[in-house]
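The chain below stands alone and is given in structure tokens; this is the form predicted on its own.
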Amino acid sequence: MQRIFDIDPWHIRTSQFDPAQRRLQESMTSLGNGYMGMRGFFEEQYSGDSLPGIYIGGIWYPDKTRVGWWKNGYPEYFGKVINAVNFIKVEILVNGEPLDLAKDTITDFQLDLDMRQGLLTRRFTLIRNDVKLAFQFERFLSIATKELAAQRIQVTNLSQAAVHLEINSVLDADVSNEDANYGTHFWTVQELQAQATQGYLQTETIPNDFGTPQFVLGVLMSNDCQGLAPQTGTDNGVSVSNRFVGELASQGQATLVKKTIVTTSRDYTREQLKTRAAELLKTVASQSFAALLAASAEQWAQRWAKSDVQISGDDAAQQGIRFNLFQLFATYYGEDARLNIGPKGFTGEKYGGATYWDTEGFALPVYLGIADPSVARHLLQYRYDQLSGAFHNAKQQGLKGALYPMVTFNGIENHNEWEITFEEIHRNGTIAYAIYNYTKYTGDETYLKAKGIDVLVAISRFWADRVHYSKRRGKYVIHGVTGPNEYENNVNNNWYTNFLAQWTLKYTLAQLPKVSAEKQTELAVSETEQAHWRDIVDRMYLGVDTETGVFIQNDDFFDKDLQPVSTIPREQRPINQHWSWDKILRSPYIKQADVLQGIWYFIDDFDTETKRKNFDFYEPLTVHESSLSPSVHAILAADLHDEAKAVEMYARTARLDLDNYNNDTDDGLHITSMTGSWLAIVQGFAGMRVRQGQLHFAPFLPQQWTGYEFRILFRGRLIQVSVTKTGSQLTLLQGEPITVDLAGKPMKLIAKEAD
């Protein structure tokens, strides 16, 4: 555990500048507005270690797959988010020498991410011989105008004498990715235009051999600098600059306000980019930095009003869940059905910025509870729109039906590790589970009947072709897979995978009679095919250890040397950073919930004894080196009334990045797993379940807390849940009356009339 920021309920702040932790600070102070985002790298020159990154939603590149030994069925490319034009860049020269915090002496350093309004602020005082200057940098990405990035830089001369100051505001297309094959630069500049206080730069992604559209960015900046004089704008072929120069008298101040508009070919034609950027800039040109910030902060306030979780008695827990919700919303709030939630969001290059199964498993249930149902529908629509890609993926493996990708931007598999890409097929079950989860929670079957059934049938056809019948067992089995526990590859009969395959077939069969005759004709699921599916459901092999009653994670798991995680020396953790892959694969250690993932999905379908046996067996073997792991264990521990373990796992999921638990936050935050803290409180501590269309709660309060409170949206109602040491209270804030079960007792909630 590594804590580099102060504990504060609404702020991520520190007064320590440690160059060795610069990347970690950059990750944790990332900003985003769903349309674009950036790491918290410095605006000005910094010669120390850093990972600059600005990313635009839906902008990516198919980088050619490079492997030593090609296998039939490999994807031809690995999709990745690419670093975009650096539009926050400034160059600051003091008496002709560049400001560089890697070299300069500074005091009074402060870094502050205000989560309430999405504002990043940095302050310090530069000491250079007789020069003493106070700097303040502020920036935000607007929620009110998604294409707008706003910056304000203030410099105050605390020296006795005047100081020569130069500020160059830059749009820089000379950017690259750290993980690019052979240092590839992904952008070519199409147009540059420089005026005294404005600049425009247009870039296009380089051509590719895979039919993926090339993307074009139009970036327009406007600069207003008080205290310094504008010079002639310049460009050098890859960047555009507005230069401001002057003598800053003792106690004098210079202020630069930079407004940048980013437009893309996802929304406009190439010819419209500059015109549309100019129109958008015109709408904000007369507004001050403070006014623009206030408009964006108001949008943040509306989001917080629906989603904020308030914890009393534990500021670290409070900060953790707000940080997670802030970064989740900064990545995705459902406005654009073409977008999804990458595991790193806009905070780093790792995982390529693509979509994983994390969204359906972990993010969708959170958005169901904190946002309009249209947000969850957009997530479902995203997968429906990519169904053709899922058919392609299955065909590549010689299989029928649809195989949804492990990693994707466009529905086509973008990942090239065989044991992940084509063995971790359990994600197909989670795509189906998301349709079930949405329908169960909302009570809305319109998506299921019109579109979801197409997805379910296609996935069911895949499962029916992927299983095979074992004469020896007299059961259907699935060989050559990787379960959620990626520390075991190419195993046979992963319990979770087999279980989800069986459940998907059963669920699809139950939904077919609900759809229209026209849709049934279109789907063409014959009686013979349905009979085959029923046979698989009835005779799917699900291993159970006869001695312990525990579900067997895969065929060979119980042959391992089953020593608990507590026997691993502390200095060898995390094991993925200290052990060889061979040693990990032979070990009994579990990266994340595997069997327990299935039990969590269907938590009401297993009796307490079954849940207890499996939890007590598998949790001690779990190293939680996947960011998705702690929340599942927190929820199951709470369900089993194991308060100590539930609280331990909540702390881990809530502060996974803030405390750098897995020593891997420097390359980006774990965005999709940030849903875990909300899930742990709402499904775990508060015991929220939906049973036969009714909302249930069974809350408990952790001993070290004095209370917690959250709001949840459910079928047109906004309900407030408050838990204190004196008991639990439910309040209907909006919507029609509703009966809710609280700790086994029905409670009718009626909203108070507005005064």
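One rule holds for the numbers: they count along the sequence shown, beginning at 1. Owing to the predicted nature of the structure, the values given are computational and were not obtained by experimental measurement.
Here the subject shifts to the form predicted together with a further copy of the same chain, a form of this protein not shown in this document.
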*Given a further copy of the same chain in the predicted bound form, answer whether the residues 72, 418 and 558 all have a heavy atom inside 4.5 Å of it.*
yes
*Would you please decide whether residue 612 lies within 4.5 angstroms of a further copy of the same chain in the predicted bound form, comparing each non-hydrogen atom pair?*
no
_Touches a further copy of the same chain in the predicted bound form: residue 516 (any heavy atom, 4.5 Å)_ = no
*Find out whether any non-hydrogen atom of residue 236 is located within 4.5 angstroms of a further copy of the same chain in the predicted bound form, and reply yes or no.*
no
*Is residue 581 one of the residues lying within 4.5 Å of a further copy of the same chain in the predicted bound form, judged by heavy atom distances?*
yes
*asked:* Please identify the residue among 176, 663, 125, 396 with any heavy atom within 4.5 Å of a further copy of the same chain in the predicted bound form.
replied: 396
*The single option of 214, 490, 232, 95 touching a further copy of the same chain in the predicted bound form, heavy atom within 4.5 Å*: 490
*Partner-proximal stretch of 444 to 452, 115 to 123, 357 to 365, 573 to 581 relative to a further copy of the same chain in the predicted bound form, 4.5 angstroms, heavy atom*: 573 to 581
